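Take a look at this single chain, the form predicted alone, given in structure tokens.
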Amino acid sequence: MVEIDARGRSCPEPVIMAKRALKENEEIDVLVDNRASLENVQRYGRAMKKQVSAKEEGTGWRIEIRR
């Protein structure tokens, strides 16, 4: 599992980071700190037919994307 820290970045950058990581890894966690990134990364994971879950963590969210 790889952790992607996309906090402080605005869309579409967190989605692009997730896309790159998923090319090389089956499972990733993406850290985001704004709702737009949360929604867009979740949407991308689901579009790739992955299991997606998110939970609040600190001042943002951890999005878990699994096979």
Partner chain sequence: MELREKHRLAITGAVIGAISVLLVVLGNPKNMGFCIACFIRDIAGGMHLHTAPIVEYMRPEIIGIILGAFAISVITGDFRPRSGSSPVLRFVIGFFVMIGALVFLGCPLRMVLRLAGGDMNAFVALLGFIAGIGVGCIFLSNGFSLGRANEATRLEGAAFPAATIFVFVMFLAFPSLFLFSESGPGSMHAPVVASLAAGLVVGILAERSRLCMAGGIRDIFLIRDFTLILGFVAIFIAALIGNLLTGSFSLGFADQPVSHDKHLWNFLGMMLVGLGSVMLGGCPLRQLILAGEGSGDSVSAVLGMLFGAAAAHNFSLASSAGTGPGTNGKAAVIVGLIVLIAIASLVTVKERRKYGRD
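Because the structure is predicted, anything quoted here is derived from the model rather than measured. Positions refer to the first chain, counted from 1.
The same protein also exists as the form predicted in complex with the partner chain; that form is not shown, yet it is the one meant from here on.
Remark: Arg9 counts among the residues lining the partner chain in the predicted complex, judged by a heavy atom distance of 4.5 Å or less. Under a 4.5 angstroms non-hydrogen atom cutoff, the partner chain in the predicted complex has Lys19 among its neighbouring residues. Mapping the unseen interface onto this chain, Arg46 counts among the residues with a heavy atom inside 4.5 Å of the partner chain in the predicted complex.
Taking non-hydrogen atoms only, Asp33 approaches the partner chain to within 4.5 angstroms in the predicted complex. Contacts of stretch 50 to 67 with the partner chain in the predicted complex, defined by any heavy atom lying within 4.5 Å, are made by Thr59, Gly60, Trp61, listed in sequence order.
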